[in-house]
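Heads up, the chain below is alone and in the form predicted alone; it's given as structure tokens.
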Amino acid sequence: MTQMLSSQDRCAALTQVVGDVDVALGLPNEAYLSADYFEEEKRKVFAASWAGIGFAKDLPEPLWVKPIEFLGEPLLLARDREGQVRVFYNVCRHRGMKLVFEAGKQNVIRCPYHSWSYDHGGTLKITPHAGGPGNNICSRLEKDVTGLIEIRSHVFMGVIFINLDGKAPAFEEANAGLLQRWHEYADKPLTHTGSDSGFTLSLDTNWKLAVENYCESYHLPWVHPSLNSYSRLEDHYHIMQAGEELRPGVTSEAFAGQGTLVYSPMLADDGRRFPAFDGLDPKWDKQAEYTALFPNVLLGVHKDHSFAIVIEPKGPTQSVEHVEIFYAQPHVAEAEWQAMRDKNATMWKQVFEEDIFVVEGMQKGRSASGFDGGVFAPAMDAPTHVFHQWAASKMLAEAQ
């Protein structure tokens, strides 16, 4: 049975979360179970932040479009004639008809209802018979302002991010901390090799449990024994940054995660390794980092490949992880690297599948009405606590 809190009790519970890690409690049960809480998160957490919704590789060339749904919103990903990725509401400005139903290349974006047509920059171009039979001109239509409704978007590490409410600081400003930390990777070309480098995982868990599990390495010895055999718990370090005030009333986003000092690049049977990104600091020869960019994107960087996971919340207790792997050099897409790419994808899929039992188990545990959100082990759980603080602060933003 979902435990519902009054507004006053919820505020009190969330206030306990934002305390110091050595005294704080975790998020209350309703944060993982309640449909009402989830609906509020859509506005306070996802719409107010830069949320991940998909991947730029799904728009392989100019004039390509892809319809998606995110948190019930019908969206349209498009690559314009200049190659820029754009995001629009997938809705005709005339009568609200859904515009695009299948991904592919389209010369124009045409509404199937009355054939109003738009270019890939969202500009309204054609309104057949809008002024009467044979007259395509309508006096009330200003084509420059009656185009598709565009949503602020940004591409980083192959992921398409959007800010639905239009009020967040610019992506580069809001996420300046991680962009600076990973400046060597931020502008590197990424090679995606197709279906062998991506997969999806369906989880019976709240989206937040997938994020907080990713933030920490504490679980490695028990959940990932194979990985821990060569990248041990003691070889890992914390990554965490709380939000910083950019100017009065405007705060940057927090991020958290973990890194390893003993990354060991995968070897082919003949001893080859994936080629590395150009111009990396030598520290990346043995270092790799795994960071959650709040709210719902999980990123990993290595000297020879990166990956991105977009967590799609499907409700308070269901999520889908969309996983894509990107390589440092384009020739890795060639057939001679196929077996090694398959091996790499299989390895990462095994790691992420091992986490399913844990995040679904924590979800089941949240049905215990007497559970108080749990405590944190400060030495091991500090990155997870940063995420809890961030999530609680978002929900408290208008309540205090």
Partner chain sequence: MSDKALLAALAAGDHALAARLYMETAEASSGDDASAFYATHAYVHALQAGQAAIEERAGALLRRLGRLR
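Residue numbers count along the first chain shown, from 1. The model shown is predicted, which means the values in this text are computed figures rather than measured ones.
One more form of this protein exists, namely the form predicted together with the partner chain; it is left out here, but the text below deals with it.
(request) Identify, from the list H192, H154, R93, R110, the residue with a heavy atom within 4.5 Å of the partner chain in the predicted complex. (result) Result of the distance check: R110.
(request) Only one of R273, K286, H219, K125 comes within 4.5 Å of the partner chain in the predicted complex by heavy atoms, so just point that one out. (result) The option sitting close enough to the partner is K125.
(message) Using a 4.5 angstroms cut-off on non-hydrogen atoms, would K188 count as touching the partner chain in the predicted complex?
(response) No, K188 sits far enough from the partner chain in the predicted complex that none of its heavy atoms falls within 4.5 Å.
(request) State yes or no: in the predicted complex, is some non-hydrogen atom of I137 no more than 4.5 angstroms from a non-hydrogen atom of the partner chain? (result) It does: once the partner chain is placed as it appears in the predicted complex, I137 has a heavy atom within 4.5 Å of it.
(message) At 4.5 Å between heavy atoms, is Q241 in contact with the partner chain in the predicted complex?
(response) Q241: no contact with the partner chain in the predicted complex.
(message) When the contact criterion is heavy atoms within 4.5 Å, does R232 count as touching the partner chain in the predicted complex?
(response) No.
(request) Specify the contacting stretch among 204 to 212, 100 to 108, 315 to 323, 180 to 188, defined as having any heavy atom within 4.5 Å of the partner chain in the predicted complex. (result) Answer to the contact question: 100 to 108.
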